[in-house]
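We begin with a single chain expressed as structure tokens, specifically the form predicted on its own.
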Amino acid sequence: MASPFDPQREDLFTFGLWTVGNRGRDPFGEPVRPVPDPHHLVRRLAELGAHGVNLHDDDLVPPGASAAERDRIVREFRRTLRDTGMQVPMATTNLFGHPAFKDGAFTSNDPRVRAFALQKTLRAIDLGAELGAGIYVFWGGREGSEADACRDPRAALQRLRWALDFLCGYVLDQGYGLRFALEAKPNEPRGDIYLPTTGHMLHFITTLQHHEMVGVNPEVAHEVMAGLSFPHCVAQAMAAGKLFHVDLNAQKIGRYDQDLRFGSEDQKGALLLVRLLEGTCGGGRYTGPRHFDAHAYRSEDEAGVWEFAKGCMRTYKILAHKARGFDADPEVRALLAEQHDPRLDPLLAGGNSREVAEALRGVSIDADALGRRGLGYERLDQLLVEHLLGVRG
């Protein structure tokens, strides 16, 4: 029997080839799953109701492949996409795996490394455009340091700025229509990564030559591992009109980058996030892909991988259902009802002027009474918990 929480194509759920294709290797153990076939991954995701699949360049075309081999691989992959109705909404470049990138890619002190990174990215952008991607993500996994004396961080940021300006210009020259999304992370695999949070990225974007075509791709784990609120991060990006893409997973605070199944940790935080993305709290709804940048436990075989993928999508839909119920709850609505003061409403909505400033100075406000007033947030939070636990709504 069909469930309302079963994923559908219109939900815009996507996975990376590197996510469902993760082989379960970690720093202390060898892979536990076989090398995946990209075509098989696409077909299985399509069967599960996913909308699309995303990829790094190296996920599909092996490094060093000849032009003829590359074209054959891409041609066959496009046929599989066409046969399954799957899309490639986002593409990216692996600028962290090759040993040449051990001290950065675009920020490396060595111009040969920087040039190699640009060569690789240009080819990958061409691939993404050929596959129909609309978003191109940049995660600077090696753009950082352990020995901070190795370079002036200002030089690193200038190199990164130049690279992105150059690549934006290339996309415009080619007429690709791609938008860039920058992905922040505080640390790992470097001791410190430049531009460690989404807030850092949002400011950096304002310094770019083509800032209008650059946004952010925040990831749950990357903000939570630093102890930050991911809903606040996403809200800031949405308010700036810069949420171009989003990476969904789960993370325990203070741990290594875990990339756990979405919603498997911090269900309250996940509910508040989905509430934002779905716009049930009254703000605008995020209309882009819901991308799951996570992977199955190392304990799993292939069957477990598909349970992981189904779990990510079902949990998102369950949380969306809970969010709608919470925001439609009459008691919640009463607690969140917008407050008005006929003396202050026109002043606080007005622009900056000498008249408004003088009028504000003259308003009598009983600050002590405001301090004594309870806000009902204990009750509000309890209502959220009860909706989350399924005993209300």
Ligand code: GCO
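Just so we're clear, the structure is a prediction, and the values are computed from it rather than from any experiment. Residue indices: 1-based, along the sequence shown.
Below, we refer to the form predicted together with the ligand, which is not included among the displayed structures.
Judged against the ligand in the model of the complex with a 4.5 angstroms heavy atom cut-off, the residues W18, H56 and D259 are in contact without exception.
Contact annotation: of the candidates V137, L195, M313, L160, the single residue with a non-hydrogen atom within 4.5 angstroms of the ligand in the model of the complex is V137. The partner is absent here, but in the model of the complex a heavy atom of K185, alone among R142, K322, K185, R290, sits within 4.5 Å of the ligand. By the criterion of a heavy atom within 4.5 Å, F116 is excluded from the residues contacting the ligand in the model of the complex. Contact check for F96: a non-hydrogen atom falls within 4.5 Å of the ligand in the model of the complex. In the model of the complex, none of the heavy atoms of S108 sits within 4.5 Å of a heavy atom of the ligand. Interface residue remark: T121 is not counted as part of the site for the ligand in the model of the complex, having no heavy atom within 4.5 Å.
In summary, the region of this chain contacting the ligand in the model of the complex, judged by heavy atoms within 4.5 Å and restricted to 195-203, 214-222, 70-78, 167-175, corresponds to 214-222.
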